[in-house]
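Below you'll find only one chain, the form predicted alone, shown as structure tokens.
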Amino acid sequence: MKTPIPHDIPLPLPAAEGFLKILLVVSFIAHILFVNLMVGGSLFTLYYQWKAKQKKLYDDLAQFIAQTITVNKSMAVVLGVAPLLLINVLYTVWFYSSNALTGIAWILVIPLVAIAFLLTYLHKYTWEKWRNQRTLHMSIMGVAVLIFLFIPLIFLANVNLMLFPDRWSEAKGFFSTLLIGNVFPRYFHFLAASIAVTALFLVWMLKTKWTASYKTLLDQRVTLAREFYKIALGISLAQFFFGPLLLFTLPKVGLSGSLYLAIGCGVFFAAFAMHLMAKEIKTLTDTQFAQRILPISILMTLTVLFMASGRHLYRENALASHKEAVRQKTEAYQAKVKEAQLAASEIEALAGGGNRGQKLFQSCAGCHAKDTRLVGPPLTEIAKIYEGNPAGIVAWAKAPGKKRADYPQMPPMTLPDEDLKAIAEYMLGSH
């Protein structure tokens, strides 16, 4: 099957395209940070609540982390509006096509987000009430975690699908789209990043006044911070496996030297951050607590910036040929629209000034020109078929069928019969 080439919507962008693309990358970074904290925070909460069976410290830690999930989730949703709008504006044809092809799963994002939001609030505010019903309480967070893990998979499948128009014909709903491109390597890379970012976030939280109401955490903050640093360092090292796996499984269509350069810069800053994490693990004390957390955070932010830029470069490269084909298709479409407008003007001139049927025909002129095929056949062809039979045109317009494979089916016209008759008489008399 040939790659479908739709025509674009001929509307001007609200700002310079380059500015909108920069804004897309920056707004996406802000959004994905809180998505990472939301997903990672829910995983940490569930893990430490499970470990709390062995040690009360972990129950306090799980409750402390749970307080952050609802806030980070709200920030993720709010900050997700900007990149979603921007990708709609910049990649309308591709993004909406992938939305339609992923089907029900894409529509489910909204109710799933709402359900997860309610579950995290229920879990957060029933901590003391259901302390002795641990299984029930953990089950609530467990369901929320499953939803949090599923929603990013929907987004990844959708955004991944838009990059490969030549494979749209393979999409038969959400699950089939998981096999297109490299969804799962991207997903594992995302999950690893969520855990590492959350671990560093928790080190920073232990350094702030927000731990004041948790005396057990303050007493053990060095031990906990060292544990979080080890998790962040271990996951960052694992990214040296997930990263190349992601890169080498990307379809070649979007690979370029600029992409490799962006990724290389990101790896450089990540390696420097990991070096500082290793130092922190060795030198961490209560008096010199998390002194390097700020430079580590800055370096990791730069890593994410270059990785997000590389993601954008790949998207541009992958869509370049298809965007050019769509541009050509759009130009051809607009040329036909102008031809139709000229044909309508010619018909009006030949009609000598304007009867009722001519005026009503203007609603049909977008699909039917005088002697040029547009969406439907030209008037010259219609006149041959229905010569002397305006009633036949009226009957067809009210209940059209599909006669020709290379023409789309005409929608039924809902105008009154007298209007349809006036249009039909005009069509037969204007050729």
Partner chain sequence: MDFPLFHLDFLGNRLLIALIATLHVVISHSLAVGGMALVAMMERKGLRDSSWDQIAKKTLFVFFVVTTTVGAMTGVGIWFSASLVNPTAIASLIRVFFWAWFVEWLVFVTEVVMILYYYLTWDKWTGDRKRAHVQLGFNLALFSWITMVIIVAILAFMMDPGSWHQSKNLLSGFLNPIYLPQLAFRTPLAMVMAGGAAYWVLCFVKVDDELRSKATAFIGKWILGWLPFLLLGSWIYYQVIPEAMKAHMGVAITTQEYISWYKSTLYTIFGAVGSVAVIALSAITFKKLPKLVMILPFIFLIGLMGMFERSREFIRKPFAIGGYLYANGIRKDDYPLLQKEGILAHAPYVSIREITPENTITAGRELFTLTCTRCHTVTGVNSVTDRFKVMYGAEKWEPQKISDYIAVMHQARTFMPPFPGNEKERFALATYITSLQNNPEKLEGVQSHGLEFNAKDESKVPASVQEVNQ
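Residue numbers count along the first chain shown, from 1. By rigid core we mean the largest C-alpha set that fits within 1.5 Å across both forms. Because the structure is predicted, anything quoted here is derived from the model rather than measured.
Separately, the form predicted together with its partner chain exists; it is not shown, and the next lines address it.
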item: Proximity of residue 101 to its partner chain in the model of the complex, heavy atoms at 4.5 Å; value: yes
item: Residue 179, heavy atom within 4.5 angstroms of its partner chain in the model of the complex; value: no
item: Residue 416: touches its partner chain in the model of the complex, heavy atom cutoff 4.5 angstroms; value: no
item: Residue 110 within 4.5 Å of its partner chain in the model of the complex, heavy atoms; value: yes
item: Residue stretch of 312-320, 199-207, 179-187, 262-270 approaching its partner chain in the model of the complex, non-hydrogen atom distance within 4.5 Å; value: 312-320
item: Heavy atom of each of 41, 135 and 243 within 4.5 Å of its partner chain in the model of the complex; value: no
item: Listed residue that, although its partner chain is not shown, lies within 4.5 Å of it in the model of the complex (heavy atoms), from 195, 79, 140, 308; value: 79
item: Partner-contacting position among 340, 217, 302, 290 - heavy atom within 4.5 Å of its partner chain in the model of the complex; value: 340
item: Sequence-ordered residues of 11-25 touching its partner chain in the model of the complex, heavy atom within 4.5 Å; value: 11, 12, 13, 14, 15, 19, 20, 23
item: Rigid core superposed: residue 35 CA moves 2 Å or more between this form and the one not shown; value: no
item: Residue 363: Cα shift of 2 Å or greater between this form and the one not shown (core-aligned); value: yes
item: Rigid core superposition, residue 372 Cα moves 2 angstroms or more between this form and the one not shown; value: yes
